[in-house]
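Let's start with one chain on its own, the form predicted on its own, as structure tokens.
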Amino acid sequence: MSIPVEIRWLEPLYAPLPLPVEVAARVQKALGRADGPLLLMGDMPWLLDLIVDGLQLPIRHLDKRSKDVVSVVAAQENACRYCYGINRAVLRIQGWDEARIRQIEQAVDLADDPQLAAVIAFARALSRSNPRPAGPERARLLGVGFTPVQVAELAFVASVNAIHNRVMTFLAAKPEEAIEAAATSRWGVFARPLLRMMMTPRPGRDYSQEERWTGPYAPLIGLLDGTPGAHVVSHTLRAAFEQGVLSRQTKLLTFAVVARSLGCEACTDEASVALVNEGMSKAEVDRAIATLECSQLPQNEQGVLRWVRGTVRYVPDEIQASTRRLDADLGRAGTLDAIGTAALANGMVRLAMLGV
């Protein structure tokens, strides 16, 4: 069923802060705007880049219709009031009628469009990840004409949306009600060409010349070989593990807790090996994942793992309230780093289903 507009949603976690001039110029050039929720995360550069890169969402083999539908379905499944509203508005601006959108939201059997039906089922299953989609879901997509590389891009799009949905939810980003209204208003119908132009991101930054990441979760990059998403994932993993203020152990345990919660043994093992290489014993790693406690973490990061487990499946206003409590321990920089890391982990573990 569609998310009610009245979904419980708290006030934004932080007051907006102006972006540095050079950053604002880059974001404006990339997205055509440098405002809204972007102003909540400008003081954590890698998180801002994560969102901007995701909004530009580089795809080479997948059609735009499938990408937009995945975005709406993922936002619905992940209960993100912000993303649901803006992505639904995008479909209206692209010319979709209300009845068709409701069919997507309500999981109506789309016998007249088997490709669209397969995309919706795949996006919904990947967003829920309980159980994790694998062979049958891919086989259905291949059976209606998608190629393996298109399936990889579908998984990439769904994973990026899992990231965005969580960042916007945890920050309690204020819904873009003006855009939502414009998409359905009488004047908005006539303004659609202008709105489409305004809401079409420019081509994203080219990371293809960067050295490929070889650290934790590098195997995920190979799942996207042949797509521009591979370069984005490589860049993002490097930024997540090399930037920010949280300890590397906390970030690796964040990935491990998400992986365990989603039942991905390979992703859990990936974090475990990396943590052992960081100096923890295997027993300490296993205990931390099981109990969500780890005495080796900095004192102010002791509560992160319990919060992380709540990022896999959540009620929006409840996770927003717990994120506020996390902020009391970590402060703005630490909390933004935790939000980005937890969101990235949720996206990357879902992406790993391509290797199943």
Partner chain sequence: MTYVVVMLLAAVVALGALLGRNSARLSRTERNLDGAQERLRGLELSFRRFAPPEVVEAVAELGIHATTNRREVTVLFADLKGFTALSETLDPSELVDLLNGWLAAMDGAIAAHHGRVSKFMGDGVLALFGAMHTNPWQARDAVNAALAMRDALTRYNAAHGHLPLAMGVGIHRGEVVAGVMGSERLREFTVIGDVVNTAARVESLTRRFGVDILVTGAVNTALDGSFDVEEMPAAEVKGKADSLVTWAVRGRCAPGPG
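Note that the coordinates shown come from a computational prediction; the quantities given were computed from them, not determined experimentally. Numbering follows the first chain given and starts at 1.
FYI, the form predicted together with the partner chain isn't displayed, but the following is about it.
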Which pick from E278, E176, E105, D113 sits with a heavy atom within 4.5 Å of the partner chain in the model of the complex?
-> E105
Here the chain is shown alone; which of D43, D35, E293, D327 has a heavy atom within 4.5 Å of the partner chain in the model of the complex?
-> E293
Counting only heavy atoms and a 4.5 Å cutoff, which of 143-151, 165-173, 231-239, 97-105 contacts the partner chain in the model of the complex?
-> 97-105
The partner chain in the model of the complex: contacted by all of E22, I51 and Q249, heavy atom 4.5 Å | no
With heavy atoms only and a cut-off of 4.5 Å, decide whether N130 touches the partner chain in the model of the complex.
-> yes
So in the model of the complex, does any heavy atom of E318 sit within 4.5 Å of the partner chain?
-> yes
With a 4.5 Å heavy atom cut-off, would you call E77 a contact of the partner chain in the model of the complex?
-> yes
Is R313 close to the partner chain in the model of the complex, meaning a heavy atom pair under 4.5 Å apart or at it?
-> yes
For the heavy atom contacts within 4.5 Å of the partner chain in the model of the complex, list the residues of 244-269 involved, in sequence order.
-> V257, R260, S261
